[in-house]
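In structure tokens, the next block holds one chain alone, the form predicted on its own.
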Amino acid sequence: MGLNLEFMLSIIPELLSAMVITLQISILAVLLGIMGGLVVGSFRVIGPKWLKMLIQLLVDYIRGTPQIVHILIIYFALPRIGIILNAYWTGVVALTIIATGYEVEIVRTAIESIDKGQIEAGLAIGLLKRQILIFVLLPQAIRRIIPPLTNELTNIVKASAFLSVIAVNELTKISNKIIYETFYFFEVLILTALIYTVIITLLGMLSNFIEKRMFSTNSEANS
């Protein structure tokens, strides 16, 4: 029994509209996660020991717990503390927390990969740790975190599929809705998988391009 190509063509606009929502939420979450990752990751490097341990516990929790658990906790917890958000912004908050948990480690690794002699030199001329971090380490670390952050965007796009459980009209949610309304399982799932594949492939190409540009720039600077 063949696929209903006419039906598949008819639902493409609806799926593409849902794809836009998926990308909007994912990009917002990653951008906010970058800001959170830079701040928390910096404290992870130069903060007091108790704060480093607390941040590490938080990161381990976020990275070690299924993403859907974080989404459900945010969805049910925020209203209990008086924060009422619609499903869209609840999804953004949930994915931002997930992204931050991973980006903290990306930032920490990038900062710690810089030659420690620069820190010692900064201390020797009287700079404070936070001044060394802001003016010496972060400008160099930002170049190193861009490629892995692009990869992180692909992970967040995949995690956004879990937002369907809180009624965010992203790609997976709309795909499920169409299936329940029409019972064209294979046609909808094939198109949905294809759209996700195209998104992830394009993001992977973008990551490779940025990484090559960063490597090329660093090579030229060192030569």
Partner chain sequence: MDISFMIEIVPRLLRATWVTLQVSAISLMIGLVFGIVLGVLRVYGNRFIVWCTKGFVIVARGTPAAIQIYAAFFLLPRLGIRLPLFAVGVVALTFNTSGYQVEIVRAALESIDKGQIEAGLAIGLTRWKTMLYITLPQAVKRMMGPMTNEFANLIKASSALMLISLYELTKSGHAIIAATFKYAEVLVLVALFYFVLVQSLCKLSAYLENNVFNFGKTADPRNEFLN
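Residue numbers count along the first chain shown, from 1. Keep in mind the model is a prediction, meaning the values are calculated, not measured.
Another form exists, predicted together with its partner chain; not displayed. Remarks below refer to it.
Its partner chain is not drawn, but in the model of the complex it has a heavy atom within 4.5 Å of L72.
Of the heavy atoms in V45, some are within 4.5 Å of its partner chain in the model of the complex. Put simply, T201 is close to its partner chain in the model of the complex: some heavy atom of it is within 4.5 Å. In the model of the complex, its partner chain sits within 4.5 Å of a heavy atom of I119. This chain lacks the partner; the member of I174, L28, A161, I34 within 4.5 angstroms of its partner chain in the model of the complex by a non-hydrogen atom is A161.
Scanning 179-201 for heavy atoms within 4.5 Å of its partner chain in the model of the complex gives I179, Y180, F185, F186, L189, T192, A193, Y196, T197, I200, T201 in sequence order.
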